[in-house]
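Before any questions on how it binds or moves, here is one chain, the form predicted on its own, in structure tokens.
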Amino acid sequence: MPKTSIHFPAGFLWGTATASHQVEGGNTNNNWYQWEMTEGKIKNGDRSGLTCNWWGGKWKDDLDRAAEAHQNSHRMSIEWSRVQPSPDRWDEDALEYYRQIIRGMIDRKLVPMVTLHHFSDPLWLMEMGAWETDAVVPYFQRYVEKVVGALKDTVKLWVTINEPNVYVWGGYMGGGFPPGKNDMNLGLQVLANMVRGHAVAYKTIHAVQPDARVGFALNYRDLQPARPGFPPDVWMANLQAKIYNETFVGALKTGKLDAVFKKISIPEAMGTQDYLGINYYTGDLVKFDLTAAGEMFGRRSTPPGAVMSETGFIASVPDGMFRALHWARRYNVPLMVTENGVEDSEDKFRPRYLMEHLEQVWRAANYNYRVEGYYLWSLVDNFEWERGWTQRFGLWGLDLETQARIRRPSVDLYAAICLENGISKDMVERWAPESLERLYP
């Protein structure tokens, strides 16, 4: 009797994702370093420090591990402040080092996916107002042109901006990101400039490299009504989902940034995505509540019965992955899961989380949704922004004092999935038997 398994489309990209400030170490010329130096901004007063020491060469060993584990792609990002340390200077040595890393990926048969902006901004740009000012757009355009010109012979898959909704929510809605403001109108201005930045980056990349594929990565949060039969809950969940999930990507379809309470015309953004990246981690229930003014009168809560990650940061809602991909079909472009993962230092919950979410990706692919790849967050433990070192998302653990990597069981699970291009019943029985009934009823 043949063994039971589910398989993904031929040519599916299997990888892990990293970001420059989180893994390189020694990034001291950007807004996040400044934020870390400000008391009370990072949990436990943590500092990024060397992080995973990729700038010191540890990328070689980590990418060896990725390739040995049958991954065929890797998503990384470029640190703008390294490439352009001041507004009038380019660092060619930094660009050459990025070329070495990307050549290293290709040598290991890993398809590079490169993100141009992943949360961090140069200090000189922050001093000018960064994304709050229209001047950022031509600066971003020149930076993109420089990077793509240097890397066009090795990279075809580009992410312009990672999670612009998180950048705005975190930095301008009291979420704990720099610059730590709480101003909805200013946040909308920042989002509009990020749409303009994406649009000019898209056109610049295609001018330099016509065969490139260009998209952005959206943080999708699954927001469902707490009481599906109660119209105020349904209305509020839909409203919050529209503002958080749809505002940026909608502008790339229509040329209009529609934040419900304000609309901004950005016609140059229309049609500027070749694929849509989905970063999906979790979801919430939304309950209409007149006392929750700070949450737009929609109080969010964890779905009952959802298994929580070890710090309570992520509720596992696998069905939300399918809903994210189903929703994303409306944009009529191919889809990539550019991030998905869970913090789990003991690696007890990760196997279940991983397979149950991947089963939903497979379900979408089985419905002929154009899902082309999956990137697990993350290859190795890294500095998790305002949460510092309190969360461990890596397949490989990291000893901060020695830089030693600690092999977790999920390394072998993910390697088996990548090699199989699917999930077998045997894998579930071995690594997450508690998921057997869900995945193979």
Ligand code: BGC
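A residue's number is simply how far along the shown sequence it sits, counting from 1. Values in this document were obtained by computation on a predicted structure and should not be read as measured data.
Although not depicted, the form predicted in complex with beta-D-glucopyranose is the subject of the following passage.
Trainee: Given the stretches 352 to 360, 116 to 124, 95 to 103, 302 to 310, which is the single one in contact with beta-D-glucopyranose in the predicted complex, using a heavy atom cutoff of 4.5 Å?
Mentor: Correct option: 116 to 124.
Trainee: Ok, S81, N162, S73, S77: which has a heavy atom sitting within 4.5 Å of beta-D-glucopyranose in the predicted complex?
Mentor: Of the candidates S81, N162, S73, S77, N162 is the one lying within 4.5 Å of beta-D-glucopyranose in the predicted complex.
Trainee: Under a 4.5 angstroms heavy atom criterion, identify the one residue in D46, E384, E372, D61 near beta-D-glucopyranose in the predicted complex.
Mentor: Answer to the contact question: E384.
Trainee: With a cut-off of 4.5 Å between heavy atoms, is Q273 one of the residues that contacts beta-D-glucopyranose in the predicted complex?
Mentor: No - in the predicted complex, heavy atoms of Q273 and beta-D-glucopyranose never come within 4.5 Å of each other.
Trainee: Heavy atoms within 4.5 Å of beta-D-glucopyranose in the predicted complex: does E339 have any?
Mentor: Residue-level check for E339: yes, a contact with beta-D-glucopyranose.
Trainee: Taking beta-D-glucopyranose as it sits in the predicted complex, is S345 in contact with it (heavy atom to heavy atom, 4.5 Å or less)?
Mentor: Looking in the predicted complex, residue contacts with beta-D-glucopyranose do not include S345, since no heavy atom lies within 4.5 Å.
Trainee: Please determine whether N279 contacts beta-D-glucopyranose in the predicted complex, using a 4.5 Å cut-off between heavy atoms.
Mentor: Contact check for N279: yes, within 4.5 Å of beta-D-glucopyranose in the predicted complex.
Trainee: Under the 4.5 Å heavy atom criterion, name the residues of 15 to 33 that approach beta-D-glucopyranose in the predicted complex, in sequence order.
Mentor: Read in sequence order, the lone residue that approaches beta-D-glucopyranose (within 4.5 Å, in the predicted complex) is Q22.
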